[in-house]
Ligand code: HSE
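Only one chain is shown below, in structure tokens, and it's the form predicted alone.
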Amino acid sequence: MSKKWQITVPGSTANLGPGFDSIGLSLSLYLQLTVSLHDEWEIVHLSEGLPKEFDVNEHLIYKIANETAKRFNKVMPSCRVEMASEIPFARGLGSSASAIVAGIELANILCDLHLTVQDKCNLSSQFEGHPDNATASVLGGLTISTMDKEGIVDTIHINDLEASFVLFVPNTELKTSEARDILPEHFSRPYSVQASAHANMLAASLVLKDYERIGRYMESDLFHEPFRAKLIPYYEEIHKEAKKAGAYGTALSGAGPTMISIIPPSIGQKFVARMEELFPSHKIILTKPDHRGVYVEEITNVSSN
């Protein structure tokens, strides 16, 4: 008899416009690991969008699992990991954060760490560098978070947004490092005040579930989108056509290049059909918030070969 575990982690979008590095929303697109103890480390990619060639020792899940175990003075046992993902890779949809959360959970299971939800939010945000995507993948739903200098995360968690989201995924990657390099080092005080006010209004609108205001303030960012827009295919056109088709608002998903619209659930299929017609070079995905966050299922009574 052998034992397996299945770890499921939602992807996520971050920022939603001006909520820079602090607002995250989990999406119903999933990374799934099937894990069993093994004589040596083996990671198998099952999905087309995942890299075909890689060094196991440099794989993010391997590195995060081992680093997590090390932080708690444990040694990570060797295992076989079968990895499938619905999350487009390097497209601003939290693929790295979901892998980090999965790696932490892998160590939690196999090293018997008994991590709390707070532990998982802290660790994943520390590894990721900011808490937006990480907390969303741990908790599910919408998260508004901050992380202090000691790496402790404080999060407001909202789990019942009644809206749908549409992703515009181009057939091009954009590395987060490249998207960050284009940002200014400094803003003037009046500019920062206005940008922060827009972020505050977005957060308040999300808490109130005022969807028209959410859409308006998603489109009011001053921190990053004005500078990143030139890197994004059809940035202006997607904004314009999404609004004409009934979207509340549209923003970059994280650093891009994917864009995301918030729409009323009632127009979902019609909206997607129109966007597919207008933007045939993009993959258009209708999705909704995930409400569960990371979870683990134990698979027992599996015969070993």
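In this text the structure is predicted, and so the values were computed from the model without any measurement. Residue positions are given as counts along the sequence shown, with the first one as 1.
Keep in mind that the form predicted together with the named molecule is not shown, yet the notes after this line are about it.
- With the named molecule omitted here, the record of contacts in the model of the complex names 252 to 260 of 33 to 41, 252 to 260, 271 to 279, 46 to 54, defined by a heavy atom within 4.5 Å.
- Contact between residue 9 and the named molecule in the model of the complex is not found at the 4.5 Å heavy atom cutoff.
- Taking the partner from elsewhere, residue 133 is found to have a heavy atom lying within 4.5 Å of the named molecule in the model of the complex.
- The closest heavy atom approach of residue 128 to the named molecule in the model of the complex falls within 4.5 Å.
- In the model of the complex, at least one heavy atom of residue 176 sits within 4.5 Å of a heavy atom of the named molecule.
- Put simply, of 228, 198, 213, 157 only one has a heavy atom within 4.5 Å of the named molecule in the model of the complex, and it is 228.
- If you take 6 to 34 and check each residue for a heavy atom within 4.5 Å of the named molecule in the model of the complex, you get 14, 15, 20, 21, in sequence order.
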